[in-house]
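Read the single chain below, which is given as structure tokens and is the form predicted alone.
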């Protein structure tokens, strides 16, 4: 039973980690907390379910279209809502992202519907039996996607000019501008990456937990909590925070009660933030002048 609980926790934690990375990549680049990010995850799952379960489109073309749609959505959110706004007006930024999230939720109800959808898993066949525990193939897709995305993100940030430019903008906006780096370009890339990762998380989760227009706020809260727990601004912290949160919920549900899993996770989050306010791996934000 313990093995099964741990495997379930890792699956849930990997999803939380993917969502948290989306929050982190935007915040670390442009210092915006994108509260619409949970709706990108919802949109990825809903579009995938709509194309595959309703219209019978093959799995991987449906996944690709769903993720591409989320990238476009994220780009539009930045270009139409945030690009021309004063970057120091944080309250207005938060209100815009919240408004965008509500809008996306409404559009999903209108164009896709209110019914819960159950799209197919990426791989057919029953679960694998390992050491008395069962491992669904979709879990392997989720964990594998997290590993691939983390590797790709590391290569982008540390081994490409684009990624190094994003890191420079995150450290000092004005100095990066003086060095010829475009903060707007970095912000666009950050939002598109967040849309890609959020859409991927939604398509990966939908076969396990279904797709519904009301899932976004719940998933957004969990992903944001994971990002805060690990350290908002640190991709590695997002992964650590997501896995810890998922394992904590799984162990609590397995050995105590599922009723208390959210409460236990909240207590853990508060305790860590009281001891280390910047999160487990996060660093104190640099001062910008």
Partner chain sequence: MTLTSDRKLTIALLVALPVAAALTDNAFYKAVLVFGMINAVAAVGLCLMLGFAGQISLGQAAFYGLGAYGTTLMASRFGVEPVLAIAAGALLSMAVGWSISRPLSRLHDHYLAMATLAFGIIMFIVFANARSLTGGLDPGTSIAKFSIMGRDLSSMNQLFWVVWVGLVLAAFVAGNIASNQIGRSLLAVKMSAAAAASVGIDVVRAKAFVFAIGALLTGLSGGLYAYFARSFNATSFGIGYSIELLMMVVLGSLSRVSGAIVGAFIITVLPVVFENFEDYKTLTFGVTMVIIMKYMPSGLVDGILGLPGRLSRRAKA
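Positions refer to the first chain, counted from 1. These numbers were taken from a predicted model, which means no experiment stands behind them.
Just so you know, the form predicted in complex with the partner chain exists too; it's not on screen, but the next bit is about it.
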* Asked: Going by a heavy atom distance of 4.5 Å, is residue 73 a contact of the partner chain in the predicted bound form?
  -> no
* **Any non-hydrogen atom of residue 182 within 4.5 angstroms of the partner chain in the predicted bound form** => no
* To do: Find out whether any non-hydrogen atom of residue 106 is located within 4.5 angstroms of the partner chain in the predicted bound form, and reply yes or no.
  => yes
* Asked: Is there a non-hydrogen atom of residue 99 within 4.5 angstroms of a non-hydrogen atom of the partner chain in the predicted bound form?
  -> yes
* Counting non-hydrogen atoms within 4.5 angstroms of the partner chain in the predicted bound form, say which of 49, 66, 26, 228 makes the cut. => 228
* Report the stretch among 171 to 179, 149 to 157, 74 to 82, 185 to 193 that approaches the partner chain in the predicted bound form to within 4.5 Å, counting heavy atoms only. => 74 to 82
* To do: Scan 80 to 100 and write down, in order along the chain, each residue with a heavy atom lying within 4.5 Å of the partner chain in the predicted bound form.
  => 80, 81, 84, 86, 88, 89, 90, 91, 92, 93, 94, 95, 96, 98, 99, 100
